[in-house]
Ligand code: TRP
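As a starting point, one isolated chain is supplied in C-alpha cells, in the form predicted on its own.
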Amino acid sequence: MATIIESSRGTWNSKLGFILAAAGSAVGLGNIWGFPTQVADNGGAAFILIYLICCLIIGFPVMIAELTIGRRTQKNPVGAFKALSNGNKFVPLIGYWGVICGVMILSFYVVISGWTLAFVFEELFYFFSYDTAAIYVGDLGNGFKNAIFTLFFMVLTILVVTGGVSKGIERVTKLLMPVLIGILLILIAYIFTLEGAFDGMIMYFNPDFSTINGTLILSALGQAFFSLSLGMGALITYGSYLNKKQNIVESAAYVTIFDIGIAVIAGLLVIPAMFVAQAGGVEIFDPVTGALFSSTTLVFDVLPEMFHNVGGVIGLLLGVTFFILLGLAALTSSISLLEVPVSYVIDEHNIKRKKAAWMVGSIVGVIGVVLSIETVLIDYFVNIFNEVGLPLGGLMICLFLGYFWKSENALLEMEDGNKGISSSKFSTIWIIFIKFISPILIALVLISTIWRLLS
C-alpha cells in the first residue's frame, strides 16, 4: 500500500473543486477556437470521432499518470521527479522541462489572452461610434496597447494564485467554470436564430470519412494532447494537492469528459457563427487557397465583423459576451500555468506563496511584454514550447512511469481511493497503454511536428 505523505502545501476542499480546477486548466483558448477550426478544416464530425478516440488512448492514460505522480510525492514537477529518481541526476530534468514549458507558454498565452480583453473594449467603442478608439484597441500589432492588456491579465492571474489552492484557485474556478458554460449556452441559443447557423451545424455534424488519413489522425492526436494540458506539469502540480481518499482514475475520467464536452459545445458556437458571418457577406475562406482562415483571423477579424453586422444592442451583447467567454477560458488555463512554476519556487526554495507568485509572475510579465511588442516571436515560442515541448514532456513522463518508477508502483498509489485497482482488468489495459501505445503515438506526434517545422 502506498505510504501516506502529510503535507501543509494545501489541498482541494472538495472533489468537485479539483475537477473544475483541473478541467479549467484543460479548457482554454484551444478548446474555444482551436478545436472548432480543426473540425472545420478536417472533415467535420470525422475529426470529432478521431479526436474522441485520441483523448481516450492518449489523454486519459497520461492524465492518470501525471495525477498519480503528483499525489504520490505531493510536490511540484521538479520535486516529484527528484523524489522518485532514486538519485538519478537526469530524471529531475523532466520536471525542469515542465516548469520551463509552463513559464514560456504562459508568457505568450497572456499576450493572446490580453487580446480577448482588448476586444471587449473594441466592441464597446464600435457600438458608441468611437471608431478611432475601436481601431486602436483592435490592432493586434500595437505593441504598447498589447503590453498594457498583457500586464493586466498577468496581474489578474497572479491575484488568483496568491490566494492559494483552496481559497484562490479552487474558489475562482468553481465560480468561473459554471459562468463559462452558461455564457456558451446562451450564445449558442442566440446564434442558432441567425441565418447561416443551420448550415454550420450540418457541416459540424456531417462526417466526411474520406478526409481521414495519417495527417488528420496526427492533428487529432496533437489537439487531444494539447487540449488536456498534458506534458507541462500542471496536472502533476494539481495532483499533488489531492488527498488520499480521492479516486484518481475517476477524477481523470471526469476531467477528460469535461474537457471534451466543452470543446464539442464550443464547436456548436464557433462553426455556426462562422457560417452566420459568411451569410452576412463576411469571407471565412481564403480567396486564394480556398482554405479556412487561421483561427486568429477568424476570432479577431471575422467574428467581430459579424457582431458589427448584427448591429445594435444585440450585436454589442454578442460581441462583448463572446470575448468575455474567451477571457474566462484563458484565465482558467493561465492560473494553472502560473501555479506550476510558483509551486516549484515554494517547494524547492522555501519562499512564501504570495512572494513566489509575484516574483514568478513578474518574470513572466516581462517576457510577455517583449512578446506583445515583438509579436513575431510568439510563433517561435508556440513551436518550441507548445508544439514540441508538450509532447516531449508527455513522452518522458510515460517512459519514466512505465520503465523507471514502474507502473506497478503507480497502481499501488492508486489503491488509495480505489481499492482493488491493482488486480483489475483496467490496470492491465492502463499498463499496456502507458508503456507502449501512448508513448508510440506521442512519439509520432512529436516526430511529425518536428518534421513539419523543419520542412
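Note that the structure is a prediction, hence the values are computed from the model and not measured. In case it trips you up, residue 1 is the first one in the sequence shown, and so on. Just so we're on the same page, rigid core means the largest C-alpha set that superposes within 1.5 Å between forms.
The form predicted together with this ligand exists for this protein as well; it is not shown, and the discussion that follows is about that form.
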| property | result |
| --- | --- |
| Among the candidates 274, 169, 110, 232, the residue which, in the model of the complex, approaches this ligand to within 4.5 Å (heavy atoms) | 232 |
| Answer option from 414, 54, 64, 390, heavy atom within 4.5 Å of this ligand in the model of the complex | 390 |
| Option from 28 to 36, 398 to 406, 422 to 430, 56 to 64 whose residues, in the model of the complex, bring a heavy atom within 4.5 Å of this ligand | 28 to 36 |
| 4.5 Å heavy atom contact, residue 220 to this ligand in the model of the complex | no |
| 4.5 angstroms heavy atom contact with this ligand in the model of the complex for residue 336 | yes |
| Contact label in the model of the complex: residue 116 to this ligand, heavy atom within 4.5 Å | no |
| Contact label in the model of the complex: residue 226 to this ligand, heavy atom within 4.5 Å | yes |
| Core-superposed C-alpha of residue 51 shifting 2 Å or more between the shown form and the other one | yes |
